[in-house]
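The form predicted alone is given below as one chain in C-alpha cells.
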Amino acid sequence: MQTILRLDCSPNGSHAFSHTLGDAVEQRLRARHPTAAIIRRNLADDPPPPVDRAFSIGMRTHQTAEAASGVPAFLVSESLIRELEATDALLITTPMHNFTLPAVLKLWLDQVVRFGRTFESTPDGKIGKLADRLTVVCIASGSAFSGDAARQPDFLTPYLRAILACIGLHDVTFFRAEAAGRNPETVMAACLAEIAAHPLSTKG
C-alpha cells in the first residue's frame, strides 16, 4: 500500500468522535505500511462545489472519459477522481447528520460518481469502472441507529454501500460510534477496541 486518501467530514474537526476513530484506523494502516503517503482532504473546511448546470449539460453531451477530457465543468470532478484512482485505500470519517450523510460528503460523491467516467449503465444495472480497494468509513452519531437499541433510522450506511459499489468500491468496512454523545468514554473505548482487533486488510 503506497497511498491512502483520507476524507474528514465533521465540522468539529479534530475534536469529532469520527475523527478520533479515523486517527486509530490511520495509525493501524501506517503501522503496516510505514512508507504510505496520506492525502488529507478536509471536506468540512473545503467542500467541493455543487454540481451545476454546466456539469449537468456536460454529462448529457460528453458521455465518455475521452469526450469529457478538458471540459471546464469537469475540472474539479476529474481532479478528485484522479486523486481517488491514485490511492490504494480510502478512509472516510463522518458524522451522521439527520439520519444520513453530511452535505459536504454528498458534494464529493456528486463530483466523483460520474457516468462514463467512474461507472457505466448496462441492461443489468450500473457497473463501476474503478478498481476496488480497502475502504474504511468511521461514523459517529448522537443516537443508536443499529440493532435492538436503534432509536433512529439509518440512511447513511446503506447509501454509502450502494454509491461506493456503483463506482467499483465493494470492500467497505464500517466502524460506528453510536450514541457517542451520551456515553462517550464507553462508546469510544468499545469502537477503538474493535478497530484494534480488525485485520483491516483487503478481501481479495
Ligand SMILES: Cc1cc2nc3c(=O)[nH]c(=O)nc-3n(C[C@H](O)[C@H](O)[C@H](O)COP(=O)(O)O)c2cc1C
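Everything numeric in this text was worked out from a predicted model, so none of it was measured. Residue numbers run from 1 along the displayed sequence.
Below, we refer to the form predicted together with the named molecule, which is not included among the displayed structures.
Asker: Answer with yes or no whether Met96 is in contact with the named molecule in the model of the complex, where contact means some heavy atom within 4.5 Å.
Answerer: Yes - in the model of the complex, heavy atoms of Met96 and the named molecule come within 4.5 Å of each other.
Asker: Would Asn183 count as touching the named molecule in the model of the complex under a 4.5 Å heavy atom rule?
Answerer: Residue-level check for Asn183: no, no contact with the named molecule.
Asker: Examine Gln152 and determine whether its closest non-hydrogen atom to the named molecule in the model of the complex is within 4.5 angstroms.
Answerer: Output for Gln152 is yes: heavy atoms within 4.5 Å of the named molecule.
Asker: Can you tell me whether Gly58 touches the named molecule? I mean in the model of the complex, with a 4.5 angstroms heavy atom cut-off.
Answerer: Taking the distances in the model of the complex, the answer for Gly58 is no, it never comes within 4.5 Å of the named molecule.
Asker: Given the stretches 44-52, 134-142, 29-37, 161-169, which is the single one in contact with the named molecule in the model of the complex, using a heavy atom cutoff of 4.5 Å?
Answerer: Among the listed stretches, the partner-contacting one is 134-142.
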